[in-house]
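In structure tokens, one chain follows: the form predicted on its own.
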Amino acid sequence: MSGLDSAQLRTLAAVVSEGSFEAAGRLLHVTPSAVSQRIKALEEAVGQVLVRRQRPCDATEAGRPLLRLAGQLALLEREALADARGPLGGDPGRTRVAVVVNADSLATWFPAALARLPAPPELSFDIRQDDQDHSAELLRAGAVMAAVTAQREAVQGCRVRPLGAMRYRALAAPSALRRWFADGLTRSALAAAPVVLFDRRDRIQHRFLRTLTGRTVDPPVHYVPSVPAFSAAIRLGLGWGMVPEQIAADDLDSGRCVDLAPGRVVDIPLYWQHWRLDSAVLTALTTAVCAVAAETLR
């Protein structure tokens, strides 16, 4: 293969980010037929199927390295163009910054890192949300340029930096404490009391149960995939759950919730992984993220 066509790579990235050939065509101002022809030509050049034709479209295993390359080239091209034009060269357009972050970081400290970035260059944030144990998968797939993740081993082609640990406390409403834990945190009480989980990937509560009991416990579960609603469900007595201490503080101070096991916490180490790329945008973003994390996390 002699080389890769940059227009075809941009089209691949558009199909995956927008989810369909039609939406990619609207983004690129071309017809869906032109999108299809570009993808087909790229697949013929590579000799592999690169896009799963589904709703939404997704990159295949063979397409992932090219998706990452497309994002890296787009970032470097935009920065090089801005440098070449200089301060009087006009607006080169906004740079898209795609990052995946776990929900609790997104609800607490991470927005402050975005706000700390210097104004130039103009950025457009594309923030994805996923569990910290799985967020590196989007980085591996080439869909994002950086991730807040619990994975400390660097994804291929990426750099990793420790951020600190997010501390979780076991919270319950006073009514839930009286109802299910009148005799304390016994094994039978922990097996019977409902637990609130963010989603089916959320394992922090089960990790806490194992530290208390030394075995696997399978209590009733409520799934509440929203940070505000998650905390509200606990305050209303639907069950107990692990809450980041930054969010837990107000409920504990007001008496709306109690700490089920004072002194017993779960610390989740977080890491910042990003493309191994000489990019002003990535450097600035990494500096801001690490600085805010150092002020906020354990």
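The first residue of the shown sequence is 1; numbering continues from there. All values reported here derive from a predicted model rather than from experimental measurement.
There is another form of this protein, the form predicted in complex with a further copy of the same chain, and it is not shown here; the text below is about that form.
Novice: I need the one stretch from 150-158, 70-78, 194-202, 169-177 whose residues put non-hydrogen atoms within 4.5 angstroms of a further copy of the same chain in the predicted bound form.
Specialist: Of the options given, it is 194-202.
Novice: What I'd like checked is whether A249, A288 and L297 together line a further copy of the same chain in the predicted bound form, meaning each has a non-hydrogen atom within 4.5 Å of it.
Specialist: So, no: the whole triplet misses a further copy of the same chain.
Novice: Contact with a further copy of the same chain in the predicted bound form for R96, defined as at least one heavy atom pair within 4.5 Å: yes or no?
Specialist: Judged by the heavy-atom cut-off of 4.5 Å, R96 is in contact with a further copy of the same chain in the predicted bound form.
Novice: Even though the partner isn't displayed, in the predicted bound form is S17 close enough to a further copy of the same chain, meaning a heavy atom within 4.5 Å?
Specialist: Answer yes; at least one heavy atom of S17 falls within 4.5 Å of a further copy of the same chain in the predicted bound form.
Novice: Within a 4.5 Å heavy atom cut-off, is R207 in contact with a further copy of the same chain in the predicted bound form?
Specialist: R207: no, not in contact with a further copy of the same chain in the predicted bound form.
Novice: Would you check, heavy atoms only and a 4.5 Å threshold, whether V46 touches a further copy of the same chain in the predicted bound form?
Specialist: No, V46 sits far enough from a further copy of the same chain in the predicted bound form that none of its heavy atoms falls within 4.5 Å.
Novice: Would you kindly say which of L185, A141, L106, A165 lies with a heavy atom within 4.5 Å of a further copy of the same chain in the predicted bound form?
Specialist: Residue within 4.5 Å of the partner: L106.
Novice: Have a look at A41, A229, A261, A62 for me and say which one sits with a heavy atom within 4.5 Å of a further copy of the same chain in the predicted bound form.
Specialist: Of A41, A229, A261, A62, the residue with a heavy atom within 4.5 Å of a further copy of the same chain in the predicted bound form is A229.
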